[in-house]
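So this one's two forms of a single chain, laid out as structure tokens and tagged structure 1 and structure 2.
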Structure 1
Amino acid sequence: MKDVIIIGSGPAGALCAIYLKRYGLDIELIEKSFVGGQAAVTSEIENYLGFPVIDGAEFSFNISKQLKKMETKPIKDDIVSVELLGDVKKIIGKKNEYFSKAVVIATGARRRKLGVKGEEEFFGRGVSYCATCDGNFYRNKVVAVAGGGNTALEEALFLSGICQKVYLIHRREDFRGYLWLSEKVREKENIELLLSSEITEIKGDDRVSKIVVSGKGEIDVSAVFVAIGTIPNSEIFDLEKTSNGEIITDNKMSCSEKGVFACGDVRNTVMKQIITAAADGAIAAESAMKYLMEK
């Protein structure tokens, strides 16, 4: 029986574990793949306080070193089901079963993908899922954004301020995002709208150099930013969620079930960034500690 089990060792889960260890609690950190989550496969990070530029793999390695310093080694297991009702929480993995008084869910989210040829091949080499993370690497170059919601509109606007030209490609004639955002996009001279169109292939040699767009043929670009949404890794948790599957929390990261907390991209957060995920993790740790003290 542990005080707290944290599921997921991305920035949110890892920082939560570090804070809980500092509080002197008996914890278990469970991870199905590798420490760092999506940050580990980001080519470079340049918007995290204290690191002007750092490679994603190095950043994640530093997280591992910090966990080791706190005498916390993640258990590698794939959690398949949970029982969260009551005072004792049961976490069921493919390898083992785990029990705790409180649970922190930090399973993150996976980017919704286009599913076209070249997308996987050029990930990190011109294919990105975050303009604010990677946009500066393509300053003064021609790029494309795929999507029609608020995220795609915001990313196109952000990129228009640093890139020579931005193609905004959406499969419908009308955007799904806010009207005021779409109007701002239409006002930008260096944003070209390719509506009722889809990217059907991404091409290049070592890096992205072209995209194939339905009805438009091949277009030269240096990068493709895919902004068609994310899928939270929340399927196994029977908790209150948004229509998109994000676990609903209050500002203390508390979920609809007592003793259960969620942090990072798996919850209904307004911004999915490394720094906000880490902050969530710190808050979740504080809330879990207080929950245990009050029992």
Structure 2
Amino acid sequence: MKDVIIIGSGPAGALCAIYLKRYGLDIELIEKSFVGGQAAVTSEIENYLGFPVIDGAEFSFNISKQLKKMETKPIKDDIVSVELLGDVKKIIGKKNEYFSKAVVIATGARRRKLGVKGEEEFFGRGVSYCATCDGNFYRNKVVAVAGGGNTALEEALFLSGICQKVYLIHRREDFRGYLWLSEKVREKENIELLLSSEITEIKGDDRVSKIVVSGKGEIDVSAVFVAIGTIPNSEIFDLEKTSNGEIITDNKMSCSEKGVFACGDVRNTVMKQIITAAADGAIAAESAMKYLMEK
């Protein structure tokens, strides 16, 4: 029986774990894939205090080092269900079952899919949800990015540095992302904007070779990077949620169930940023510690 189990080791979960260790609590940090979450696959981070600019992979490596220094080794497991009622929380993974007095949910969010023909079929063969992970495979090739938020703008910029040409395809005329970022995109000669346009089909033989774009017809591309927002990883938690599936918390990160806290992109946060996720993690740790003290 642990004091606190933290599910997810992105910036929110990792910082929560570090704070809880500093409070002297007995914790378990459980992670399905890798430390750092979405931050790990970000090309450059330039809005985290203390780092004028840092590569996402390096940032995540630093988180791992910091966890190690705090004698916290994340357990690899994929949590498939939870029992959160009452004083003992049961966390069920594919490998093991875990028990704790409090739980912090820091499971983040995953990329939304376009839902068009060819997307599933060509996943891993030209369809990608991460430009920093897969962009290098398409060096000097022509690629497309779908989306109009900060992620799409950042991915288009990153790809413009290594690809011959990038089509940025957005369903409206105005971008949702920051103005300064969209201006940077507009300045790039090898980024062609296809606005008020949507990808309606992804085609190819063995790999992606074409996309069909509304109002433009078929365009030859070697890859499509889908960056049209995220879906919170909250399905397994039977807690109060927004209509988008974000777990509802108060400003102390407390959820609708006693002893359960949520932090980062999985909750109804007003800003989905690394720095706000980390701050959420610190607050969740403080709240979990106080909850245990009051018991």
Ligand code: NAP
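These figures come from a predicted structure and were not determined experimentally. Here, a residue number simply tells you its place in the sequence of structure 1, counted from 1. Superpose the two forms; the largest set of C-alphas matching within 1.5 Å is the rigid core.
**Asked** Which of the two shown corresponds to the form predicted on its own?
**Response** That would be structure 1, which is the form predicted on its own.
**Request:** Quick one: report the rotation angle of the small rigid part relative to the large one between the two structures, in degrees.
**Result:** The rotation of the smaller rigid part against the larger one between the two structures is 49 degrees.
**Request:** Superpose on the rigid core and then read off how far the CA of Gly147 has moved between the two structures, in Å.
**Result:** Here the C-alpha difference is 5.8 Å.
**Rigid core fit between the two structures: Cα deviation of Leu114 in angstrom** = A shift of 3.4 Å at the C-alpha.
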